[in-house]
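Have a look below at one chain only, the form predicted alone, in structure tokens format.
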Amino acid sequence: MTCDFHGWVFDSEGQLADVPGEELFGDFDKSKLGLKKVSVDVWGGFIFINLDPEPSVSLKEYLKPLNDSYDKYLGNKDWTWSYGWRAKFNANWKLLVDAQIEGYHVDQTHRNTIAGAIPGSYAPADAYPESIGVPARVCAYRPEEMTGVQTDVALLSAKHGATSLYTKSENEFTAKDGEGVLSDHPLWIFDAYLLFPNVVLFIQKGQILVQRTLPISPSECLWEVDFFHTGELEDFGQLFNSEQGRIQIRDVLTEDLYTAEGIQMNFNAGVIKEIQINKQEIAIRAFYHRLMSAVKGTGESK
């Protein structure tokens, strides 16, 4: 491994092997200048890097209550990356996380898109006070009778695939090994898990969304999302379903995320000193409780 800046060369163990112009440095001990060690682990097909070379807890323990069944399901070779988006927002990174871990806003924010398909009351949240790395989740269900308007395009799309989150599909495409992981509830849509501090993982049958929010400054952030699906598109119907699902979730995420900049402007005004959290927003409460314990350095998870 060679550094392109000065040409220092490191071997496969990270030890410094060669330095151009080594004589220029005088007293120089290459054995003390190797690459810094980090801890690397794999879970659910994703690679996790911890800058601490000897973490106090394992990745498996950090991600509880996501157990071995989730690891097996998400790590299945059937998953392939489909597409992703990236954008910069003039808002604190936590505001974008907030919008993805509570269902209280659905009836108003999404009144023109999915409020009928997933009323706020059908998106309950759970907190995991004993967990170190997964403070909470939101679980979404469809009402038995959808009260929202299902467009002709959405209904036609549902005949050909399962990439839409919000219209009940007439088909099912899912990675293997899903039993014991995904809800067996017939009206279940997805689970959204918060992986502390800045990842929201949406899990459903045949589709995974991974959202990451990266702080730039107290009032700026980068937001990224990647979509993973199972299987290749085999005909025009499946392509149509895929595109309809992509556009639909684009619209819903736009409704979610545009509010963050307005909220940031309100906070910048210095007038709002506190916010009210209700029972349906318990995931937000769990998020900030975990965040404050990390900032204070207590290491407490509850």
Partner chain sequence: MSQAIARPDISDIEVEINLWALPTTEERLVKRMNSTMEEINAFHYAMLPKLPAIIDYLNQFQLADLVGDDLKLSRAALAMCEVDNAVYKWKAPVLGTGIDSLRMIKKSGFSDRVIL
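Model, not experiment: these values are computed from the prediction. Residue numbers count along the first chain shown, from 1.
Missing here is the form predicted in complex with its partner chain; even so, the following discussion is about that form.
- Though the partner is left out of this view, Asn112 does reach within 4.5 Å of its partner chain in the predicted complex, counting heavy atoms only.
- In the predicted complex, its partner chain sits within 4.5 Å of a heavy atom of Thr254.
- Among heavy atoms of Gly84, some come within 4.5 Å of its partner chain in the predicted complex.
- Contact check for Arg250: a heavy atom falls within 4.5 Å of its partner chain in the predicted complex.
- Here the chain stands alone, but in the predicted complex its contact with its partner chain, taken as any heavy atom within 4.5 Å, falls in 220-228 among 69-77, 187-195, 120-128, 220-228.
- Candidate site formed by Thr151, Gln244 and Glu261: every one of these residues places a non-hydrogen atom within 4.5 angstroms of its partner chain in the predicted complex.
- Between the options Asp52, Asp29, Glu61, Glu234, the residue in contact with its partner chain in the predicted complex by a heavy atom within 4.5 angstroms is Glu234.
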